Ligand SMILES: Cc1cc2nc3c(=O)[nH]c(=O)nc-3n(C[C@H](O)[C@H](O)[C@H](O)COP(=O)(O)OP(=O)(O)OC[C@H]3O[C@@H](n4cnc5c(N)ncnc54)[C@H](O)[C@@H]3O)c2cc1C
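First, one chain by itself in structure tokens, the form predicted alone.
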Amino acid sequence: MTVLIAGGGIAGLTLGLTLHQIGVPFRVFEATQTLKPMGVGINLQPNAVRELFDLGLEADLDAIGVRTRSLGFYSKLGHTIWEEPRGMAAGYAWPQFSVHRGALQMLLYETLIARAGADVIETDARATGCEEAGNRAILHLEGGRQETGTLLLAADGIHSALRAQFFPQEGPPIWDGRILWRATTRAPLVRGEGAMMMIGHDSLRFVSYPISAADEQGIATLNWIAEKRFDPDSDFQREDWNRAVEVERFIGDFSEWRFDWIDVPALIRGAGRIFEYPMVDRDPLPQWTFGRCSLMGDAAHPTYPIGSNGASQAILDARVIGARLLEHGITKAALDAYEGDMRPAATRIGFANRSGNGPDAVLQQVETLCGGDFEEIDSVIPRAELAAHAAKYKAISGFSIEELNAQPPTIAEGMRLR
């Protein structure tokens, strides 16, 4: 009665920890030979942090990340559009976290090994496909090897081989014309502890937030993203996913972004290696589950990193899968129930992020209305309208304060599969 997991990223490792928690045998198959702390900063919303706390990881998250306390939107001229508290400062029962993606993945990996043993994860085992044979799921691995289990979860990312098997005509991820340059810089905190900020508009923007506590000199590790929109029909390195570039490639677009509260060019120049990524997603799918195999995480619902939902949704997928296994046993019915719970919400989030209805939509609204130049935001957009927009996106994403705080645990403490 083993559950096979293709992929050892955040989705697959969280699922492994969840299955160990509820007493379900499993094995994880990861494509890379050695797991290393790759990536840049990410944010985990309170609904996902709650799940990690329920896995006993509260102290570990505090050790590797920062409890996000505020989010601010600012025009290209540095004027304040909207600021709001986040996490527990906003009234949630759980915090929001800013953390390095690689540090989170390594925490999940090391915790899984410590709890379940090293033999539950196999590296250098790339998934290439799957099939169903009677009451068994068969995972095909590179080199012609096969592994057999009762169910199979595909957590093999945005380039998922299993997704490609089920949707062979889909093609590569969809680029919307935007390029992201991402890095970290050791610098003084901006706007205080745990402050996240977005500056600019749809064509040019800058995002920054700390992913470490400040040291005795007040210096912290600040994660930042510089973003520019190009013609989506151009050939702007769309095939390159994660490559180091020189700062001169893009810093000229931000050379005038020096305000009395942040010096964007200085922050950019203070980085070590800078990586370039295209802004991509995929169209929402009409189906995730095929017999004894189902998709999860980025294999199921890759989305633009607009509302800090990518890793959070992957974590929620894992926890809901565990809850449905407790209800239905290790059966196809559990996978169908998981999809019924999660796919509609993931589709709504994907469309909201793609259509410009994410929380950052206020940036372009202000740019369109006044070119980012104003003295009081109420003269451009009423504050009540800004508050309503922020609340609407929280509701779409499933982390409205009242709703989340009132929800019972996804998996009650002590629950085990009988």
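We number the residues from 1 along the sequence you see. The structure presented is a predicted model; accordingly, all values stated were derived computationally and were not measured.
What follows is about the form predicted together with the named molecule, which we do not show.
**Student:** Using a 4.5 Å heavy atom cut-off, are I179, D281 and N353 all in contact with the named molecule in the model of the complex?
**Tutor:** Contact check failed for every one of I179, D281 and N353.
**Student:** Hey, in the model of the complex, is G157 touching the named molecule, heavy atoms inside 4.5 Å?
**Tutor:** Looking in the model of the complex, residue contacts with the named molecule include G157, since a heavy atom lies within 4.5 Å.
**Student:** Even though the partner isn't displayed, in the model of the complex is V40 close enough to the named molecule, meaning a heavy atom within 4.5 Å?
**Tutor:** Although the named molecule is absent here, V40 would touch it in the model of the complex, with heavy atoms inside 4.5 Å.
**Student:** Considering only heavy atoms, tell me if D360 and the named molecule come within 4.5 Å of each other in the model of the complex.
**Tutor:** No, D360 stays farther than 4.5 Å from the named molecule in the model of the complex.
**Student:** Is E30 a contact residue for the named molecule in the model of the complex, using a 4.5 Å heavy atom cut-off?
**Tutor:** E30: contacts the named molecule in the model of the complex.
**Student:** Let me know the one among A318, L152, A127, L335 whose heavy atoms come within 4.5 Å of the named molecule in the model of the complex, would you?
**Tutor:** Residue within 4.5 Å of the partner: A127.
**Student:** Only one of T184, S75, Q105, S212 gets a heavy atom within 4.5 Å of the named molecule in the model of the complex. Which one?
**Tutor:** Checking each option against the named molecule in the model of the complex, the one that comes within 4.5 Å is Q105.
**Student:** Taking the partner as it appears in the model of the complex, which of 89 to 97, 109 to 117, 246 to 254, 157 to 165 has residues with heavy atoms within 4.5 Å of the named molecule?
**Tutor:** Residues of 157 to 165 come within 4.5 Å of the partner.
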